[in-house]
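One chain comes next, on its own, written out as structure tokens in the form predicted alone.
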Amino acid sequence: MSRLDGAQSTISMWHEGDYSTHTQGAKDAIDNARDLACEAIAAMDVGGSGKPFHIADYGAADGGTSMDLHRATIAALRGRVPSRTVCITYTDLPRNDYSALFATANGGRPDVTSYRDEHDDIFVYAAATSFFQPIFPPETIDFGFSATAMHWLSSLPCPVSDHIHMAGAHGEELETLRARARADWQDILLARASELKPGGRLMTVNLALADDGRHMGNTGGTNMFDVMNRLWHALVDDGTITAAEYRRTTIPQFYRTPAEFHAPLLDTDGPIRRAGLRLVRAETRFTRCPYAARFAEDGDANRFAATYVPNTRTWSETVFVNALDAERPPAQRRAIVDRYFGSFAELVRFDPEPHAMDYIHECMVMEKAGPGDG
């Protein structure tokens, strides 16, 4: 299945609701963090105000993966203040598929049950602005949330010359990517600190590089990114793509360590602390690849390949097509990328055991300090 039709000048997720349909693992990771969201709501002062409770979902894509977390969050809130109005604003880039997002949020998809089917006085909005920038006026958000989104870089400061991902970077290239990731994280936190009301909370579930070296797609067995890199370079070897096109192919992501996530919040003299944002709780969590887990039960290699590979394709496809020369006709670029992911699927079908896209997330809850808080 390809989503290469139309303008592809920038990175984007699959549209038409296909992102959440093919990313069960990302949803599982969010669902597994519902306890943290409910605990955050339980610790907040949510009474004594007749104003709406404002929730922001940063980098929401089509809204499907976070639906059940927001359902739990709303239930936790309404359990304390049954009549309080709730406003949810989903944010993503201007090219996001907002039609699919509103269909999801308003109960217009047969595969997703919306929280609006269960609660009254829920108002849904969207903001087409990058989370690297301020999105809301100061002190307007009660609870902010983001999952599996903030590992994307604001821009790519350098390509990884001999790999397609930072997981294969080293030396100066790795440090250049790290510096961009550090600056991006500070920008994200400063913007959120401004937007949160005093006493408001921000929860993030970010892809991470665990202290034991594990990261998404590298938790045992084969390293997913090494496999993807090897298959892409094979197209250079057989003359399908050029060496220059290969060198242009870098997925603009960075997996921060827990220490890198925590550092700006723990720096007592740094700008994040001065902006009032405090780290309340943090832990590294593992989520099993659902497609590999099902394969372990049923042994169906064909179904495993047909579900696992599209999962990787939902978020990486445009990187590969954008790396190809613009002079290539769209149909040719589409055929090359189809062939690439086809070879990935065939590899998995032939030898499924080593493959999985398990998730490693750093789950963090932060609070905006109120007046007089240290």
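Values in this document were obtained by computation on a predicted structure and should not be read as measured data. From 1 onward, residues are counted along the sequence shown.
Beyond the structure shown, there is the form predicted together with a further copy of the same chain, which is absent from this document and is the topic of what follows.
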Checklist line | The unique member of 261, 232, 136, 255 whose heavy atoms fall within 4.5 Å of a further copy of the same chain in the model of the complex | finding: 136
Next item on the list: Heavy atom within 4.5 Å of a further copy of the same chain in the model of the complex: which of 186, 242, 106, 176 fits that? Just give me the one.
Entry: 106
Margin query: Please identify, from 154 to 162, 267 to 275, 213 to 221, 116 to 124, the stretch that has a heavy atom within 4.5 Å of a further copy of the same chain in the model of the complex.
Written below: 116 to 124
Check: Could you tell me if residue 82 has a non-hydrogen atom within 4.5 Å of a further copy of the same chain in the model of the complex?
Finding: no
Margin query: Quick check on residue 280: any heavy atom within 4.5 Å of a further copy of the same chain in the model of the complex?
Written below: no
Check: Is there a heavy atom of residue 132 no more than 4.5 Å from a heavy atom of a further copy of the same chain in the model of the complex?
Finding: no
Check: residue 286 near a further copy of the same chain in the model of the complex, any heavy atom under 4.5 Å?
Finding: no
Notebook entry, point to check: What residues in 81 to 115 sit within 4.5 Å of a further copy of the same chain in the model of the complex, counting heavy atoms only?
Noted result: 85, 87, 89, 94, 96, 98, 99, 102, 106
